[in-house]
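Below sits a lone chain in structure tokens, taken as the form predicted alone.
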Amino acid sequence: MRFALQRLAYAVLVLFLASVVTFFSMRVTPGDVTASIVNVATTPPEVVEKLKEQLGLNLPIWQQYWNYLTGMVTGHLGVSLVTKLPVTTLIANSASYTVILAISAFFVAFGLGVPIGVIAALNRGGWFDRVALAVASFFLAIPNFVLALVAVLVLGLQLRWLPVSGSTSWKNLILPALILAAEPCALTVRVGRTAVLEQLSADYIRTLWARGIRQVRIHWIHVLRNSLSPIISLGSIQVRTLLGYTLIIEVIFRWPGLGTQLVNSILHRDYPVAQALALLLAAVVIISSALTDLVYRWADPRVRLSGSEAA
């Protein structure tokens, strides 16, 4: 309980710092939201100033931040300066697409990566192990956006196997999800293989063999359970990686998710939308990190014991 409260306090502090960085970074970047609403070159200066006053951009910077912070705390995220739609509506319209894409990529990465890593470790030095390591190294060496562009060119435009843009059917999800999952899956294979090999050389494995425990039970219950700690830690890191790569993948494949919405809002200096989305993504990362710590303590009894001794 104490550990959970500590993690909650840490999450609140990090969210506050993220709100400060998000707000002021948007204000110091070049550009003006009024340019996205009116033609500044032909519009009289007094009209532009009146527009800034209506948008609240003429207020002192500290007051703008206070209004932004209180709005976040009370759940009033404001209205888009460009589209005039509520920020909550824009987020709701885009969130489902990002959630579907991220969850699909996450399950592909770990649903394939963990079994492949375990099987490769159990067949160390065999053909499956060599092929798995070669393929994993290949996908780790290629940048995510390069792989996406090659997939669009070859699988989409030349072979026409899959659509490369839009979200009109489930087929539009296949390429973005696979590309997004490629690097995390390759990393999971390597981390899972290393973790299983370490467990296979542990003393307790010989004890289980001596007790006559079946090989399948030893490998897929005892070894896999004790190999989960590094995989769980990797999962937390991959959530952050997936969120970062989602921005690129959504733009390349024209997937109408939060990443595309965030990029458009930044380009148009739509402060309420950009700030809300940036803080939302930061909150997802912080919450996933906290949950990972809790699951890590569950998976590894040594962490619970050391934590209780420290307390």
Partner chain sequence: MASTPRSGMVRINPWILVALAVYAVAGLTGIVVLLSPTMNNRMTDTDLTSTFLHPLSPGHPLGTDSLGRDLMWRLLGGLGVSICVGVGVALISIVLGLALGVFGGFFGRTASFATGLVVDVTWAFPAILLAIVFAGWLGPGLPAVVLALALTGWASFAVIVRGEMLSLRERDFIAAARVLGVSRLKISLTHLLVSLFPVTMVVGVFFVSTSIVAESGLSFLGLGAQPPTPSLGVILAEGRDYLSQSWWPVILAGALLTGLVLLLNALADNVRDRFDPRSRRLQ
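From a predicted model like this one, the values you see are computed outputs, not experimental measurements. Numbering follows the first chain given and starts at 1.
This protein has a second form, the form predicted in complex with its partner chain, left out of what is shown; the following refers to that one.
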property: Location of its partner chain contact in the model of the complex, chosen stretch of 108 to 116, 138 to 146, 173 to 181, 68 to 76 [non-hydrogen atom, 4.5 Å]; result: 138 to 146
property: Heavy atom within 4.5 Å of its partner chain in the model of the complex - residue from I103, L197, I221, V131; result: L197
property: L262 within 4.5 Å of its partner chain in the model of the complex, heavy atoms; result: yes
property: Exercise: V99 in contact with its partner chain in the model of the complex, heavy atom 4.5 Å; result: no
property: Exercise: L57 in contact with its partner chain in the model of the complex, heavy atom 4.5 Å; result: no
property: 4.5 angstroms heavy atom contact with its partner chain in the model of the complex for I231; result: no
property: Heavy atom of each of L155, W161 and L242 within 4.5 Å of its partner chain in the model of the complex; result: no
